[in-house]
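One chain is shown next in structure tokens, namely the form predicted alone.
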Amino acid sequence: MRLLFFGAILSLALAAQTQAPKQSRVERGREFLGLPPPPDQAAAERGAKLFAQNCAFCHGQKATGAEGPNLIRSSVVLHDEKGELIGPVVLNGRPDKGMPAFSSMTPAQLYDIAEFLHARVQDAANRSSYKLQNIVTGDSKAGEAFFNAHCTKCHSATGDLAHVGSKYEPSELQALFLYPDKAAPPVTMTVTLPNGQVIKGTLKRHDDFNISMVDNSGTFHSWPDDAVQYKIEDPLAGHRELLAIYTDADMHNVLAYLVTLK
């Protein structure tokens, strides 16, 4: 009965994971940093216009400071939630510090300015929210030629890489072929002992002195590097070799080709 119960819980958990929507890069960054929920975007856009008209001359167009202080680092802004701290400061000003009062602003306008400032704080804290410029600047035809000359031994545009241009953002796709270790499959190896016994498994560590592995049964082994014969089968060896071949143009051209594989 207990096994059935835990099995049901596991099934529900897996189903929830399957149904959960994929998080964006910005959402993942916000969750990782423990930031509060995103500001009201529509209000923030209205607030940006109000801020530009009334506040930017002193605090800068992006609230990072000019004649007046940087509001992104302001304790009032950081502790405010819905304008309850920012609003009174804007309404009453700070005459002792040279800030005029904006006493005619409505509660809705104060809320919009507060949301704009909250959005600026989150943008500064969450680098994942930075908008990436278009990095697809290469020649796709030249990239296809490079791909056919160097990559088709392991990859196929209609096989394992079919639709890869739809699966990844250009920046992610570029990282996958330039930094292959991020998605590296295990490095397998075959070791032949002095008595002729052959052991196959996964490489764990290899340095100038020792080599170690976990065999296919899960047993860990380690030997002096010169005590055994071994063959390492690195599935990313081709990628590593290309890193010494790519020119700057090659990298941009290959990316321009890969994004066409929709």
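All residue numbers refer to positions in the sequence shown, first residue = 1. Predicted model only: the values in this text are computed from it and were never measured.
Omitted from view is the form predicted together with a small molecule, to which the following refers.
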{"item": "The small molecule: the contacting residue among 151, 142, 136, 191 in the predicted bound form [heavy atom, 4.5 Å]", "value": "151"}
{"item": "77, 157, 124, 187 - the one with a heavy atom within 4.5 Å of the small molecule in the predicted bound form", "value": "77"}
{"item": "Among 195 to 203, 209 to 217, 61 to 69, 222 to 230, the region lying within 4.5 Å of the small molecule in the predicted bound form by heavy atom distance", "value": "61 to 69"}
{"item": "Heavy atom of residue 111 within 4.5 Å of the small molecule in the predicted bound form", "value": "no"}
{"item": "The small molecule contact at residue 236 in the predicted bound form, heavy atom, 4.5 Å", "value": "yes"}
{"item": "is_contact(residue 98, the small molecule) in the predicted bound form, heavy atom dist at most 4.5 Å", "value": "yes"}
{"item": "Contact test in the predicted bound form: residue 167 vs the small molecule, heavy atoms, 4.5 Å", "value": "yes"}
